[in-house]
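We begin with a single chain expressed as structure tokens, specifically the form predicted on its own.
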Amino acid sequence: MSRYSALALLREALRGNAGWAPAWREPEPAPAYDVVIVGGGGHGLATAHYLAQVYGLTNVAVLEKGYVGSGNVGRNTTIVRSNYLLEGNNPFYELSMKLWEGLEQDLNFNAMVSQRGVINLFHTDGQRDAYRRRGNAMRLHGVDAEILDVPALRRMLPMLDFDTARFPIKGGLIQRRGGTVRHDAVAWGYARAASSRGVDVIPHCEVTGIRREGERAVALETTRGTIRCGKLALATAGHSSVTAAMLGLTLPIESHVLQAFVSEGLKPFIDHVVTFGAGHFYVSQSDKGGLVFGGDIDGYNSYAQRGGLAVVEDVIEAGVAMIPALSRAKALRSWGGVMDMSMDGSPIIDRALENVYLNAGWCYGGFKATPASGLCFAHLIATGEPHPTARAFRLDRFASGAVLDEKGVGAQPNLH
């Protein structure tokens, strides 16, 4: 496939844009592949890209039941960050952040990476102590972190309700390298890059069954025929429990709906990603002027890509409490993604059977993890060994007690 460049843009402008080829191939499925990846979202496509780029494995298929990017990779609030506390999580998400910083050059695709900074507000002395601890843990791992006092926040975010709110703002923790990335472009960029290296990206190919012989998966039954596999990789996000059940596996996860929202287009007034410490609310402003925001999961188990009005009300209340001016903005639309919530709020990247590999349990952190998840999952599939950065994401940690409870709320997936 031709490379995108300023020269290519000029050439096609002079030719009436008649020379652009499809961004990726959509071939008919072959009878068999060395590796079959189920799930054509960000994690599946990133895995395919790194399998081909880093490990030279190109006899690979990515199966997606809808169109490319129709799942969670296109149903989130686009935030990327590495401001994690625990030793098992922080290095992994920092690896992801470094990959985000070089993603556009790596993929030769404009993913609209915007490192505008992520600010977590705090409202109590206890929260201040907690964020200082988090910031110190980040800096011990070489990750940028800075505590902002109220005067600094007033200069950066004058629209916040500092004094008259029920929970006055006392400061914030900022990671200046955090920000946003265009979610659709991530799917498109990885699909294009993987396809250009020989990977078959196959949309509208739903897996309806998996043949298992002993401890091995040997073939997949799909809506486009039977496909045999040397290795099988499951990266199906909120439907991980469904695909695992086809192999007779029960996973320590639950599926919940997470809603996201966008407002009407407004003049620029929020330059950062801002999170509310007195409730679960996060907001940024897109290049088109819409405010992109979200909050808690709906709390009940569901595979539907839609949510309930109770969470809509809760999210809007938190937003108006933080930024009173939001009460005058109109919400244009909302959407839902299906989260596979693990029992400790941290992900799983591990071997499930002899030739079956699992990428699941991403909770709220799936989009920001996309590059590192793909790289670490590709390493596991290609070498049979966990990537050094993802060693803590073992499936058996729930049996051994070596959990990664970032929020410290126990084994309740709905609280993570």
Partner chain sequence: MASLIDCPHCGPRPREEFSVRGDAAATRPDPEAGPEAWHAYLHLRTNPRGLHREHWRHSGGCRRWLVVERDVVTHAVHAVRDAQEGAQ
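Since this is a predicted model, take the numbers as computed values, not measurements. Positions refer to the first chain, counted from 1.
Below, we turn to the form predicted together with its partner chain, even though it does not appear here.
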Taking the partner as it appears in the predicted bound form, which of 242 to 250, 193 to 201, 228 to 236, 210 to 218 has residues with heavy atoms within 4.5 Å of its partner chain? 242 to 250
Looking at its partner chain in the predicted bound form, do all three of Glu254, Asn301 and Gly308 come within 4.5 Å of it through at least one heavy atom? yes
Partner proximity in the predicted bound form: Met343 to its partner chain, non-hydrogen atom cutoff 4.5 Å: yes
Would you please decide whether Ala411 lies within 4.5 angstroms of its partner chain in the predicted bound form, comparing each non-hydrogen atom pair? yes
